[in-house]
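One chain is shown next in structure tokens, namely the form predicted alone.
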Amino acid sequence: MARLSDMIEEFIKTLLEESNGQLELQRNELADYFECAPSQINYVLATRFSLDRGYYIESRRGGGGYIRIIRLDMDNNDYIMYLLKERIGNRISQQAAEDIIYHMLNKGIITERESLIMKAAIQDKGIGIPTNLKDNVRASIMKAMLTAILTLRN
């Protein structure tokens, strides 16, 4: 049986497909539907529907609060340029880099094989330097790989 987080993610993705990429939800209603705490919904939104994965989230708390989820439909090259110019600065965590790779795979920007190679290149284990410098090196590696992808596409 799928984990609860996976079920919530799939449910939201199905609703997004049916609503042409934009959706408003009530956090508490969704939590009631899945018989879970609202914090479980927050977890799914934060980890599965981030900008790195191609989604924009707006949230309003309180009694009339809502969550608006918008699937971003950027051109592949625009997405890569956004990553290079804005998202990946001088540092990036392993998790954030993996989220980007996951989204690129799902959008068809890279193949499964390429995603495995990219993930291997950005792993903490593979970057054999002091911990405080790994995120800096990882950002440089990601930028080099993305630049190569852009170069090969043109």
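Numbering starts at 1 and follows the sequence shown. If you're wondering where the values come from, they're calculated on a predicted model, not measured in any experiment.
Only in words, not in the display: the form predicted together with a further copy of the same chain, which the text now covers.
Undergrad: Identify whether a further copy of the same chain in the model of the complex is within 4.5 Å of every residue in the set E114, I117 and A144, based on non-hydrogen atoms.
TA: Affirmative, all three are within 4.5 Å.
Undergrad: So which of I67, L30, I127, V44 reaches within 4.5 angstroms of a further copy of the same chain in the model of the complex, heavy atom to heavy atom?
TA: Exactly one listed residue reaches within 4.5 Å, namely I127.
Undergrad: Please identify the residue among L105, I88, A121, A96 with any heavy atom within 4.5 Å of a further copy of the same chain in the model of the complex.
TA: Only one listed residue qualifies here, and that residue is A121.
Undergrad: Do S140 and a further copy of the same chain come within 4.5 Å of each other in the model of the complex, heavy atoms counted?
TA: It does: once a further copy of the same chain is placed as it appears in the model of the complex, S140 has a heavy atom within 4.5 Å of it.
Undergrad: Just to confirm, A148 within 4.5 Å of a further copy of the same chain in the model of the complex by heavy atoms?
TA: Flag for A148 set to yes.
Undergrad: Test of understanding: in the model of the complex, would I110 fall inside 4.5 Å of a further copy of the same chain by heavy atoms?
TA: Although a further copy of the same chain is absent here, I110 would touch it in the model of the complex, with heavy atoms inside 4.5 Å.
Undergrad: Would you give me the residues of 78-104 that have any heavy atom within 4.5 Å of a further copy of the same chain in the model of the complex, in order from first to last?
TA: Sequence-ordered list is empty.
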